[in-house]
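Below, in structure tokens: the form predicted on its own, a single chain.
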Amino acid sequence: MAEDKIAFVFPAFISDYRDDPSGGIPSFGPVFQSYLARAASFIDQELLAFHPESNPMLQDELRNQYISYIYSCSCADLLQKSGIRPEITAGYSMGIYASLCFSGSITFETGLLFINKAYEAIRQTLPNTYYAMGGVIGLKEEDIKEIASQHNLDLMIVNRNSDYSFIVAGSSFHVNVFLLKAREEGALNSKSLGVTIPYHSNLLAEAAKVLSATVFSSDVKAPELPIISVLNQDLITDAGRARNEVVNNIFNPFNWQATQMQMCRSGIRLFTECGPSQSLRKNSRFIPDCGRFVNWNSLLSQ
């Protein structure tokens, strides 16, 4: 591999396995199965039934988060054992848990606990499922706000992937109307993300308070590797900031574009997505002059 500094970035959810390269990496299976067995023993025995083809658990939001986390941890572990060590890590949305685990701030089991307690807190404080998140490509922020205003839509922009790529959250009705109107206004793409929780919106403020009880009573250490916050692009360098990031991540919007640009300004020119898809790589196409992505499996052959 070239001498470019590399960042490991961890995705939030798995939407499909079409781009998954792990099948061509014999060493990945045993690592993944080991983590899967630990997760099943600790948090949910049903995880043992997971299979990427016959039982991918894509429609089960909580188990999807578990599997995403397990995959990310497995991938990063394999890369590190192969001599690939990043200069910095970042977690896209719920990817924060894998970022903290890989960086030594929390144990693998603590990450599972945080995922579980966050989900429980959300369902406790926001019990109905009449919410959604949607992605739109090809419109500017002011275009999104204008559409929402014109049609009296109560929704929030919860992430900026680039100047022309955003994530919105709110009630499912309002999000779905917005996605339809966005296409009518010339959006290149607009689609539902297939979740029933409005992550990163102020609707989850009460859930964050409930989650904080678990987070602030758990063993969290200062990261051994730098982690960049997707919320404010500061470095997470101590246990207090790590705890705050977990809690604040639930109900605050984030900015992936600013996060990737800040990593580039710090000298990072290479990124790899520790997951089965290439969603963050695809996002990067809309962030000009900001490094390049390589598939994680390609790093193992270098």
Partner chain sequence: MAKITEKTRNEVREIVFAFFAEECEAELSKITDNTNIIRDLDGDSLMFLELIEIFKKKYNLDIELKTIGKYAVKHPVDTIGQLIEMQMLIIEHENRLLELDK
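The shown structure was predicted, so the numbers you read here are calculated from the model rather than taken from an experiment. Numbering follows the first chain given and starts at 1.
Just so you know, the form predicted together with the partner chain exists too; it's not on screen, but the next bit is about it.
Visitor: Check for me whether the partner chain, as it appears in the model of the complex, comes within 4.5 angstroms of all of 137, 186 and 285 - heavy atoms only.
Guide: Each of the three qualifies.
Visitor: Going by heavy atoms within 4.5 Å, which of 178-186, 125-133, 97-105, 71-79 lines up against the partner chain in the model of the complex?
Guide: Within 4.5 Å of the partner lies stretch 178-186.
Visitor: Using 4.5 Å between non-hydrogen atoms, is residue 164 touching the partner chain in the model of the complex?
Guide: Residue 164: contacts the partner chain in the model of the complex.
Visitor: Contact with the partner chain in the model of the complex for residue 120, defined as at least one heavy atom pair within 4.5 Å: yes or no?
Guide: Answer no; every heavy atom of residue 120 is more than 4.5 Å from the partner chain in the model of the complex.
Visitor: I'd like to know whether residue 143 contacts the partner chain in the model of the complex, with contact meaning heavy atoms within 4.5 angstroms.
Guide: Looking in the model of the complex, residue contacts with the partner chain include residue 143, since a heavy atom lies within 4.5 Å.
Visitor: With heavy atoms only and a cut-off of 4.5 Å, decide whether residue 18 touches the partner chain in the model of the complex.
Guide: Although the partner chain is absent here, residue 18 would touch it in the model of the complex, with heavy atoms inside 4.5 Å.
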